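The chain below stands alone and is given in structure tokens; this is the form predicted alone.
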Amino acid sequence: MKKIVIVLIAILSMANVFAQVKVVTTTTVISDFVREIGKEKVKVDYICRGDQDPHFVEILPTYMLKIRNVDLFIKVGLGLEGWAQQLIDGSRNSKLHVVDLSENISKREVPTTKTDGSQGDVHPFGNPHYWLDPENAKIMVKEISEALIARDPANAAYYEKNTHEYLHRLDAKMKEWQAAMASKRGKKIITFHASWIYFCERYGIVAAGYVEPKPGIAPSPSHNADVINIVKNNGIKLILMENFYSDAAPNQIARLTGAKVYKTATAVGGSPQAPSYIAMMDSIIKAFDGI
């Protein structure tokens, strides 16, 4: 009997060693942070691929199954994932803890009046693309670390160590990005979607216009003409866009103005140049070379 008890204790101990916190994230940027902090102590999956528009994700039963037996569901928030609540409800996971990473973000473009469909895809709680500012990425990392520690306090020191190491790496890269962008302050650009406010504020860039006439509304010929005038009148050299949008209108504007179109991933895995958050930001910073 004593031997059986010892064996059972050993099995339980081993199970604890290899136990993983199960996490599903809405985006690949979040899953990248989870992997950096949790490493082998987490099992993480995501809903929206890096080459997909996170505003519009088709709700599939398989996504609900992904969430059914996990511990944490982590989202960007601010209405970016309008599809998320339906997945949560459909998962029927009564033990699921939902983490909204936007709670401690200093929000931009929060509407001061009532919003409706005539204004396009305007988010009533503020612009949700805050991860494009690395300072906000640091807030996200800390929130994720706290969530993992709350779920798995036995490994708190491990998560804290990984968090410290990752933030140290991120701080070093942020110094590089600031140095690379120092000469670009005050430069005007055109962006496709109104998703670059946090990035622009961080690096002193001015978004002088948008390819979309309103967020989520397809470009029209008349609006293209307006953007062409903005580009010509301001000597703008760069049209910056996410790589999941059509580049037909940006290319037309570029042909008539001489500006360059730079398509970039804004999520991890969205292109071969973006296998991680840091690599993704490197690729975005490169868009400004030569302007």
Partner chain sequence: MVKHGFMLCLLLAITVWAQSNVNPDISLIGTTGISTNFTKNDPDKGKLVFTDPEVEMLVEGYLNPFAKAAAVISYEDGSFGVEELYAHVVNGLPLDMQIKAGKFLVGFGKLNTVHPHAWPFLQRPLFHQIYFSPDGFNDIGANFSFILPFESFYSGIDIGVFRGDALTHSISAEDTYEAAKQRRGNNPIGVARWNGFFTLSDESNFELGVSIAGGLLDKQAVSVTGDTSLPSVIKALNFCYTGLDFKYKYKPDAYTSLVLQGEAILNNRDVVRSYSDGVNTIQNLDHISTTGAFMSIDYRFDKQFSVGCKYDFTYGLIGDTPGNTTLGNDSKNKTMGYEGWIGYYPVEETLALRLGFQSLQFSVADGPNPDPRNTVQLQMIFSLGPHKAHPF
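Model, not experiment: these values are computed from the prediction. Numbering follows the first chain given and starts at 1.
Omitted here: the form predicted in complex with its partner chain. The next part is about that form.
- Contact annotation for the candidate site: Phe33, Leu167 and Ser195 all lie away from its partner chain in the model of the complex (no heavy atom within 4.5 Å).
- Across the options 251-259, 54-62, 225-233, 33-41, residues that bring heavy atoms within 4.5 Å of its partner chain in the model of the complex belong to 54-62.
- For Gln178, no non-hydrogen atom is located within 4.5 Å of its partner chain in the model of the complex, even though that partner is not displayed.
- Its partner chain is not drawn, but in the model of the complex it has a heavy atom within 4.5 Å of Ala218.
- By the criterion of a heavy atom within 4.5 Å, Asp89 is counted among the residues contacting its partner chain in the model of the complex.
- Though the partner is left out of this view, Lys237 does not reach within 4.5 Å of its partner chain in the model of the complex, counting heavy atoms only.
- Residues from 242-268 that approach its partner chain in the model of the complex with a non-hydrogen atom closer than or equal to 4.5 Å are Phe244, Tyr245, Ser246, in the order they occur in the chain.
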